[in-house]
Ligand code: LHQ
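In structure tokens, one chain follows: the form predicted on its own.
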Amino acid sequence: MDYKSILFAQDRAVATITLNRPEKLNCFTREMHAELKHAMARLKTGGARCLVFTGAGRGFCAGQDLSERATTMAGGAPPDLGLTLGTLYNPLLLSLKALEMPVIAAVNGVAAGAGANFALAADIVLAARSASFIQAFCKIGLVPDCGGTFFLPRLVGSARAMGLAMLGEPISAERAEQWGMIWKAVDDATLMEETQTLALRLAAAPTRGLALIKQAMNASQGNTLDVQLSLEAALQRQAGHTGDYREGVTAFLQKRAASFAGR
């Protein structure tokens, strides 16, 4: 596919997808969704072991491009936003959470609406100090989507999540770090350098084990303790049969650095 609204690059085992509509603060369009779907599928066979998401220009993603949507003010029938979520946003989020490699969001600027929640769906979020997160849905009479009502209460608690959703006030990267919404706020000038360092570190890790960690953490939010303990046992059984586990133990006993292959 000839991408027009995203960029895809791979350096060694790190793949980077850049939302590339800087003149529109990288707002989502149907074209962008199609390209993201294609790019996500490439990751399954391209040898990448870590994925980085970021945005071009001064913003990460300002959510849905509203100019794509017909409104009743224009005399047409109201759009079926549930259908849009079911066919575009929801599959994207589910594929992102199911991806069997670490996912880093490098939030370089404003992340609003679906863009904010798309970032929060990553496994680790780094944000430039000038970046901000805005649950902008309430400003146009909508409900937080793209996983917002799922991620926010679990990340920051119900009181803060409700305030963010109902008031739509921006939260700075530093406040997001203080609240536990993101992993780390970093200087603007070093965001991509720190992201690349972290991505290379994760790509060199036992990524099959990291994929199982993702599976366990994601499942824990809906499991009882006994169910989660059973899942941990099942996943640990899988991890114990990996080459990376054998390599990790062997390297430890031989007092050398491990060389993991991600299998």
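All residue numbers are counted from 1 along the displayed sequence. All of these numbers come straight from a predicted model, not from anything done at the bench.
Another form exists, predicted in complex with the named molecule; not displayed. Remarks below refer to it.
Check whether residue 27 has any heavy atom within 4.5 Å of a heavy atom of the named molecule in the predicted complex, and answer yes or no. Taking the distances in the predicted complex, the answer for residue 27 is yes, it comes within 4.5 Å of the named molecule.
Determine whether any heavy atom of residue 89 comes within 4.5 Å of a heavy atom of the named molecule in the predicted complex, and answer yes or no. The answer is yes: residue 89 has a heavy atom within 4.5 Å of the named molecule.
Spell out, yes or no, whether the shortest heavy atom distance between residue 105 and the named molecule in the predicted complex is within 4.5 Å. Residue 105 lies outside the contact set for the named molecule.
How about residue 34 - does it come within 4.5 Å of the named molecule in the predicted complex, if we only consider non-hydrogen atoms? No.
Sole residue of 54, 207, 64, 195 within 4.5 Å of the named molecule in the predicted complex, by heavy atom: The option sitting close enough to the partner is 64.
Name the single residue among 81, 166, 94, 155 that comes within 4.5 Å of the named molecule in the predicted complex, judging by heavy atoms. So the residue touching the named molecule in the predicted complex, by this definition, is 81.
Within 4.5 Å of the named molecule in the predicted complex, counting heavy atoms only, one of 135 to 143, 172 to 180, 186 to 194, 121 to 129 shows up; tell me which. Single hit among the candidates: 135 to 143.
Residues within 4.5 Å of the named molecule in the predicted complex, restricted to 172 to 196 and counted by heavy atom: If the 4.5 Å heavy-atom criterion is applied to the named molecule in the predicted complex, 172 to 196 yields nothing.
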